[in-house]
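One chain is shown next in structure tokens, namely the form predicted alone.
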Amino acid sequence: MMRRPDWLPFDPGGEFRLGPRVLPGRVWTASGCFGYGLTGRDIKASDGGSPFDGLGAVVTKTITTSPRQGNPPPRIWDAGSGALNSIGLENVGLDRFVDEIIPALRQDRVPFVASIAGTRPGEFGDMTRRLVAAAADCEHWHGVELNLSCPNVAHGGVDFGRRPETVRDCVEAAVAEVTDRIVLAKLTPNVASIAELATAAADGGAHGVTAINTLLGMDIDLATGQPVLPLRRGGYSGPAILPVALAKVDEIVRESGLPVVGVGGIGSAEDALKFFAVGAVAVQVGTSQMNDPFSAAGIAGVFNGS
């Protein structure tokens, strides 16, 4: 078990309150990096451990109102010190999520936050209302994360979440539909001032924000002279973006005071502690979790001594 730093005001391995919910841990998996929260149920480590051990929440793959096939392949590209992705919000759609995924999550008692995306503020409200109707009795459903910042979708996506008034309106629409679940706004880092977006989310009633989503990036195939991704640019994630993510989280904490769930380049307990040092209340493990399904559980284990 890692010794708790003297400067850290809380137990990184304990439960904590965020808005109306008490979550079982501060280490989560990031949206899209552990499927819908059902992947890995049958995987066991050599010591018998599970990829779900100690997790505070699994943030699901982002759900849209209708199913999406996503972008053409290749969708993920190894860029050396990070990864480029162009998934395009491929998902089963809200109906199947409600009818099939939520019952399975309920049965397996997976703590989860549902990631949702829309193209207009009212759509976030409509989707949240459906989730409340389907999962109100699911004690391990902790809330929604509004994906306002995915850079891979033609309608909505990164431009959609760059305007503070749009962020506020989307949050307001979702908050109006829930009373005992958290509403988080996932913010794009591809703006001059991310704190302005966080302040807008606070004005809309958000219980916190998730920061950051991927940076815009691209790579070139020198054999052809063309971008490696069919849509040219994609979302850049992985270890190389950690310093950027820390700076953005620090900006939000200092200028808005809103609780932040930090994400970006986390691959170890030491990385997570850096986010706690700048004021994050929890962290999400993304690219590292895609490379190793035990990554987030391993970080949580360092904090709780398992």
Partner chain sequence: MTTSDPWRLVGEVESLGLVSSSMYELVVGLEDVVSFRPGQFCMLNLGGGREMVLSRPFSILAVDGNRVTLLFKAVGSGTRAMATCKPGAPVVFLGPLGQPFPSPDTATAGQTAPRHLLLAGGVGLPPLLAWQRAWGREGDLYLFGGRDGGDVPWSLVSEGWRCSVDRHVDVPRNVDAFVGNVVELAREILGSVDDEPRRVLACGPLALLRAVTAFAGERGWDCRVSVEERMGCGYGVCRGCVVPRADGEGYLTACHDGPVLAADAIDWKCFGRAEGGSPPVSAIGCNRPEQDTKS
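The structure displayed is predicted, hence computed values, not measured ones. Residue numbers count along the first chain shown, from 1.
The following text describes the form predicted together with its partner chain, which does not appear among the structures shown.
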property	result
In the predicted complex, the one of G257, P67, P243, G279 near its partner chain [non-hydrogen atom within 4.5 angstroms]	P67
Listed residue (T128, S86, T188, S115) with a non-hydrogen atom within 4.5 angstroms of its partner chain in the predicted complex	S86
W28, heavy atom within 4.5 angstroms of its partner chain in the predicted complex	no
Partner proximity in the predicted complex: T214 to its partner chain, non-hydrogen atom cutoff 4.5 Å	yes
Its partner chain contact in the predicted complex: G32, any heavy atom under 4.5 Å	yes
Q226 within 4.5 Å of its partner chain in the predicted complex, heavy atoms	yes
Answer range among 69 to 77, 131 to 139, 166 to 174, 196 to 204 for contact with its partner chain, defined in the predicted complex as heavy atoms within 4.5 Å	69 to 77
Residues in 252 to 274 close to its partner chain in the predicted complex, defined by a heavy atom within 4.5 Å, in order	G265, G267, S268, D271
